[in-house]
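Have a look below at one chain only, the form predicted alone, in structure tokens format.
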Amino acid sequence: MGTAAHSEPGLAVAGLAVARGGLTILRGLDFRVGPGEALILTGPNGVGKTSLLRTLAGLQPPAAGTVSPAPDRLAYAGHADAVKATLTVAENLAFWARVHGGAGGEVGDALAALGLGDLAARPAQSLSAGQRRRLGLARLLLTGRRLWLLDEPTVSLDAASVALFAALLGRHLAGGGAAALASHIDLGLTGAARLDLSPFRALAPLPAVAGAGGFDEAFL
């Protein structure tokens, strides 16, 4: 992918190999995602989309190659929501706003963006799966980070909620943000590039990487 005339850096990957369970499953990945751009990862189930996103997020080391920027410059939303059950919806978002030092938007704006305003005072433990997912995605707005890595962000969302998130992502890109994502739903991202991971499957494992198991985080 190309670059855009923005000062915020995008994502750059060179000679990347990705491991899962100590075995290399993808190799030879070279791509860039510039500001204002989105890259959609495709390929059959098990090809390594989640493992690639976790590697880009710094949750596991690459088997080879380089990734930039550093993990503290990006936001990752994985399969788990990491919602604190005993806090209300608004308290969950306020907690994440404090974690990121107020670098992102306002809690009220995040609530509105994902249609959570009427649920602000509700304990998170009482939310449906779709509501919890929207709460997890709302935190993206509080990170202040312009590069988003998204692993099936629309899981558990109904059609209306998918539309809310698609609009949010579109605004993020229009404002100079960037995104790399795996999604089985068409989010209507005009001009987004696609990368089929099938040709990058490793034919044989590289030597195991120390600590290749990484650690598990739902959201950075």
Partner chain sequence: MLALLSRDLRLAVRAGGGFGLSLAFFLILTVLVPFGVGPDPARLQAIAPGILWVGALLASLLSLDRMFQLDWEDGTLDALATAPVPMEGVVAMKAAAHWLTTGLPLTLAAPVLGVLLNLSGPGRGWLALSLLVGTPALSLIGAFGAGLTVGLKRGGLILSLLVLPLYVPTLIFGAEAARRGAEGLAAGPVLLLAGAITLACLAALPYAAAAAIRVNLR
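Numbering follows the first chain given and starts at 1. From a predicted model like this one, the values you see are computed outputs, not experimental measurements.
Form predicted together with the partner chain: not shown, discussed below.
Chemist: Which of 173-181, 59-67, 154-162, 28-36 has heavy atoms within 4.5 Å of the partner chain in the predicted bound form?
Modeler: After filtering at 4.5 Å, what remains is 59-67.
Chemist: Considering the partner chain in the predicted bound form, which of 87, 103, 129, 120 comes within 4.5 Å of it through any heavy atom?
Modeler: By the 4.5 Å criterion, the partner-contacting residue is 87.
Chemist: Might residue 134 be said to contact the partner chain in the predicted bound form, defining contact as any heavy atom within 4.5 Å?
Modeler: No, residue 134 is distant from the partner.
Chemist: Would residue 49 count as touching the partner chain in the predicted bound form under a 4.5 Å heavy atom rule?
Modeler: No, residue 49 is distant from the partner.
Chemist: In the predicted bound form, does residue 96 have a heavy atom within 4.5 Å of the partner chain?
Modeler: Yes, residue 96 is a contact residue.
Chemist: Residue-level question: is residue 146 within 4.5 Å of the partner chain in the predicted bound form, judged on heavy atoms?
Modeler: Looking in the predicted bound form, residue contacts with the partner chain do not include residue 146, since no heavy atom lies within 4.5 Å.
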